[in-house]
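Here we start with a single chain on its own, the form predicted alone, put down as structure tokens.
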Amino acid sequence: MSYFSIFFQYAGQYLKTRLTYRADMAVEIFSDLLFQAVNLIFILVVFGHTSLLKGWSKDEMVFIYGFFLVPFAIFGAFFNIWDFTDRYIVKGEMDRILTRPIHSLFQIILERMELESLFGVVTGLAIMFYAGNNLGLSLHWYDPFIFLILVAGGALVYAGIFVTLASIGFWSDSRTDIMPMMYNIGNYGRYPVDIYNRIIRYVLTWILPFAFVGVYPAAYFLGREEWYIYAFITPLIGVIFFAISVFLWNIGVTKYRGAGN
């Protein structure tokens, strides 16, 4: 049985389960919308006191935020591994995962998927459409394809960073990890990197490349030619970071000692 077939079977069963409790799913979607609205309001409040921020207008900032929501929603739907160490290492559920003849990371992705998070894609597209309309942006026939490639690259960047962090759990089974802090750092990718100092820009570009989730790929559609090179290497950065994370994961699995040791 192919991985694609397994994925769609899991997704189908997940949707059946979630639709059984539609009120819970509706509350979760509403909570996500409320959280996204708060972040959007923050941007609007900032621009209530200034017309430009380091040369970026309000609508450009809103557009970047909308773009950021799309790859972030895909990441949130399929890489919900923020509690990996506690659940799978400390509590021993990794033992169960390793008894099955399917790649362990793929199994965890299936178990922890939250498909309702994909609603964030709709929200992000709506925000982009609103801001793009205000900016008078026009699209070429090939831009939707470039958009899909850049979104995939951004989602892989996020996935690569957090799978790498989860892999640390194979060497350290401490309940306390840096996942929550990293989620907060990831929020910096929603804003143009040139509003930060040089050190933070470097970190957000090459160490923890959250800038490739939001501002760099969005810059292509905003016509910011000075950022084009970063926009076009977004897929490459995503593939590299995700490949490194899977490599570290595979090594980590060989170091796993089991819950009874």
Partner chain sequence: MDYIIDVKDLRKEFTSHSSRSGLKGAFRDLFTRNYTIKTAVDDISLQIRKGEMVGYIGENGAGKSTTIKMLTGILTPTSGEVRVNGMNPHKDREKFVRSIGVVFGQRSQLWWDIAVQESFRLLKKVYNVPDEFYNTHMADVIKTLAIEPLLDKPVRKLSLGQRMRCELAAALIHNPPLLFLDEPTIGLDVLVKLKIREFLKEINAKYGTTILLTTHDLSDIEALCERVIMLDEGKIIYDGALQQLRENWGEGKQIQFLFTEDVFMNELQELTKEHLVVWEQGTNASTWTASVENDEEIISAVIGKVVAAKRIADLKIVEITTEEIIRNIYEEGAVRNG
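This is a predicted model, so every value here is computed, not measured. Positions refer to the first chain, counted from 1.
Keep in mind that the form predicted in complex with its partner chain is missing from the display, and what follows is about it.
- From the list 90-98, 118-126, 144-152, 70-78, the contact stretch for its partner chain in the model of the complex under a 4.5 Å heavy atom rule is 90-98.
- Candidate site formed by 5, 103 and 253: every one of these residues places a non-hydrogen atom within 4.5 angstroms of its partner chain in the model of the complex.
- Using a 4.5 angstroms threshold between heavy atoms, residue 22 stays clear of its partner chain in the model of the complex.
- Mapping the unseen interface onto this chain, residue 10 counts among the residues with a heavy atom inside 4.5 Å of its partner chain in the model of the complex.
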